[in-house]
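You are given structure tokens for the same protein chain in two forms, set apart as structure 1 and structure 2.
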Structure 1
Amino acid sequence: MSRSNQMFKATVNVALSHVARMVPGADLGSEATLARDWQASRTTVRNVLTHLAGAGVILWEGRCKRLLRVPVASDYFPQTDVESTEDQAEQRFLEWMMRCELPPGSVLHESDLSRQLSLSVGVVRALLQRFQPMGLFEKNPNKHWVLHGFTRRFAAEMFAMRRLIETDAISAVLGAAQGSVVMQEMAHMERLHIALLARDDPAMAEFPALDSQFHRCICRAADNRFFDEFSQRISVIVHYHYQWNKRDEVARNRAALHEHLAVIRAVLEGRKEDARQAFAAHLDTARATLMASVSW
């Protein structure tokens, strides 16, 4: 896929998330405003508008750009179509890390990993350095790496940190004013969850990406750069546990969607204590699912 096509698809997804916060009949505004909001060129904005009009999401006639319907999950391009080369390399690396059978303490050579993953040595080194602070790897004095691995202890510690961060973040969500960006994002999350639940079982394969989006949306509300960085790393790692154990996958994903919706609806309706309890219960379920999904 060319970089320009990748950028176009990524901008379509940004545009869909933007208009999903509106009500049908709303005016999208000028091309200059959309270019600013979508962080795209005027040419890309016009191409995206053409695409959305063709999909029946908007009406575009001259200066009139009006929302016809709220986007559904199937309107979005798959995450694999919009990921950067760096993101694809990270996912390939993490998939290897989660599935490798090397015991903790194993020595890793950048050149060996480069051949296994079909990535350059420089990219492999950067990925190892990126995840080193989390304790998954350690650089030894001989310029080799030591694998500490995704152990049961690592998973427990990671989830304890996730609980600390996200419990604080949900308080920020509950403190947001009605009509704020946070509440608009929660309303958008509700629509995406309802749309995915309405689809058939094969569509449940899309849940991990939506799960990551939901949790990162909550973390963003805290407006804490350290939360953002750590939550991104956790969400990528947690994302892969959904692929390890396929048993009861559809049922588990649907149950998690309902748990998300319980949190979202309590937030939108101002039922703060219900939201806290529902979110705590969801984290409990997510932790149990993670610990049960891995063959330690």
Structure 2
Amino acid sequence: MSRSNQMFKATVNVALSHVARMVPGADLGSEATLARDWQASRTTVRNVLTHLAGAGVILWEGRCKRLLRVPVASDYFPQTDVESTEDQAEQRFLEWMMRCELPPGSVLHESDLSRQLSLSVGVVRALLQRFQPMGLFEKNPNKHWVLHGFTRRFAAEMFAMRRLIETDAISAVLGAAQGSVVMQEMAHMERLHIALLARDDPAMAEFPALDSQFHRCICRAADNRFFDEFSQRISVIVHYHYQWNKRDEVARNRAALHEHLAVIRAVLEGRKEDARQAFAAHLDTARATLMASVSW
């Protein structure tokens, strides 16, 4: 079979929310402009226009593209059709990884997984390959995969690496000048942290994203792609891990926010030694929290 038309459907939805802000009768502009605005190729734009004309949302004749009626909910494709297949795949795959009860050392078959996750074998293979270098899986040539999994050891090694990198990165942060991009980002992070603490949301749904943002922001100061890459990897892993280990979640997250804030404020006020110590302390509690939540 051929590739999916997820791009087409997604662009239809983008187009609909775009024209929803216009009044009937207004002109949509040129195809090239639309392609830029909707982030798609002209080919896709033209397919979308054909679709919208067929649905009676617009009138399209040559260079005349006019809005006929404001779109309604039923014009849109459902959200599930629109999400990029890659993202969906990664999500399903990592969720499976984190909830899976298999002991380390279990053998995995691509075909098996592909059935369980309803993903094509090719996609499963790409995911396994992607997470292989981290040591979550191993592969014997011509043979099956072996699950190493998210073990205590994995967590410990990951954290050793994190400490190394982020301790180096925090020095870069402290070396940044007042008013530099890094400092602006830190000031922004302070506002976000205060806002989240004030919200007093019992679920703290936005904590994981903010946590990841905080650590990435620090790593970025080192201006090293390898730091960034590692930081991203950690975020993904930790995120999915905590999704299935919600014990003491709220208390844990509030404590982390306060620790972040202590670091941010010390940085902003130029108290370098305080910043270093606060950050080291944060890494310690983060490590302890993570290790306590790993079962194997």
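Note that the structure is predicted; figures quoted are calculated from it, not measured. Residue numbering: structure 1 sequence, from 1. In this text, the rigid core denotes the largest set of C-alpha atoms whose superposition between the two forms falls within 1.5 Å.
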For the form predicted in complex with another copy of the chain, pick structure 2
- prompt: Would the C-alpha of S17 be classed as shifted by 2 Å or more between structures 1 and 2 after rigid-core alignment?
  reply: yes
If you line up the core, does L147 shift 2 angstroms or more at its C-alpha between structures 1 and 2? no
Using the rigid core as the reference frame, would you say A73 shifts its C-alpha by 2 Å or more between structures 1 and 2? yes
Taking the rigid core as reference, the Cα of V57 travels between structures 1 and 2 a distance in Å of 31.4
